[in-house]
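Just the one chain here, laid out as structure tokens, in the form predicted alone.
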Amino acid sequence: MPSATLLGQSVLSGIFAGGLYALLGLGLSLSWRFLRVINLAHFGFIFLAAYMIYQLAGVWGLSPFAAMLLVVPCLFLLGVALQALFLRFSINEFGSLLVTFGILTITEAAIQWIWTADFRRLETPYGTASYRVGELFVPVAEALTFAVAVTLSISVWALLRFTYIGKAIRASADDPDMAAAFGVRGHGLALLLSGAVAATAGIAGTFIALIATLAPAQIFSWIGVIFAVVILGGLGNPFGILAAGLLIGVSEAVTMALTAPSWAPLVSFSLLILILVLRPGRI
């Protein structure tokens, strides 16, 4: 059995990992629920943003957060362009899965062409700094990632629930014809939401660059666990995504502490299968 300190550190690490999972899954959840787009390209956009942050901050010397202010608007425009493509060719939900997988593959190839397949690491003070709280160590970058994930989840929930735009997005997703009859411009909202989803990819990519070593092939390693988070948390449910991320992150961390790291990937899919068996109408 691990010591109490090791177990506590594992739980803390799991909480921070869960925050990152929620940050990665939030945009995919919103796109799937409100745009009917299963957006695999979202993962490519995240890593494209991470490499752009690496280039701006690690090579050209900008602050990572100043670089994020440049990258996020670029990703927003990319998301708008992607949704315009879907609207132009009337791509359905299943078709979006195939199209966005192709865009993901192209993005991975483009990243490898520009930055090569070598591992890249953004060296910043945030990446190595940590604070000691009792017997536990709190890494600054991971704690900041968790704080941003919580803040973004609350902000998206409030926007969807209390603002006109949020109510219009929900109405257009549930009954587009009725929403249009009341003056809701569904296409304009779809472009705006797709841009916002891509902007969350820019934010997530910033923190991937801060805390992880980058390699193009890593794009595909996140897909399984993030899909599990999205399905467990519920489509379009920011708080559900955050809770699912924390559940999976802590479960994986405790599993690694109690058994071996090789068992951790089984956690997310075991939870996913269990939920789908108990609640087959989850998706």
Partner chain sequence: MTIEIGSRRGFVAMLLGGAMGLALTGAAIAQTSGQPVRVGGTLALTGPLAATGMVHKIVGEIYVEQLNKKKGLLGRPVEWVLLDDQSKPDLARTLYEKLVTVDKVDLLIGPYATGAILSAMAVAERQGKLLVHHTFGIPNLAKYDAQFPAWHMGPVPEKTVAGLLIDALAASEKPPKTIAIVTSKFPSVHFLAVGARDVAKAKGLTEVLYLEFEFGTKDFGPIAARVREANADFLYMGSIGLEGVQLLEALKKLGYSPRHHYYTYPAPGPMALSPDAAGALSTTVFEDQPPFTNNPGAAAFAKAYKERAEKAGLPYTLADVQGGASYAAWQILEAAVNATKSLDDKKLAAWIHANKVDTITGKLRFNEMGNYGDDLSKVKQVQNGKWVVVWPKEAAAPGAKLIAR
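Positions refer to the first chain, counted from 1. Note that the structure is a prediction, hence the values are computed from the model and not measured.
What follows is about the form predicted together with the partner chain, which we do not show.
Task: 4.5 angstroms heavy atom contact with the partner chain in the model of the complex for W222 - done: It does: once the partner chain is placed as it appears in the model of the complex, W222 has a heavy atom within 4.5 Å of it.
Task: Any non-hydrogen atom of L62 within 4.5 angstroms of the partner chain in the model of the complex - done: Outside the cut-off, so no.
TODO: Indicate whether H187 is a 4.5 Å heavy atom neighbour of the partner chain in the model of the complex.
DONE: No, H187 is distant from the partner.
- [ ] Classify S90 as contacting or not contacting the partner chain in the model of the complex by the rule of any non-hydrogen atom within 4.5 angstroms, answering yes or no.
- [x] S90: no contact with the partner chain in the model of the complex.
Task: Heavy atom contact within 4.5 Å of the partner chain in the model of the complex, the stretch among 153 to 161, 189 to 197, 111 to 119, 72 to 80 - done: Within 4.5 Å of the partner lies stretch 111 to 119.
TODO: Report the residue, out of A257, M68, L246, I231, that has at least one non-hydrogen atom within 4.5 angstroms of the partner chain in the model of the complex.
DONE: The residue in contact is A257.
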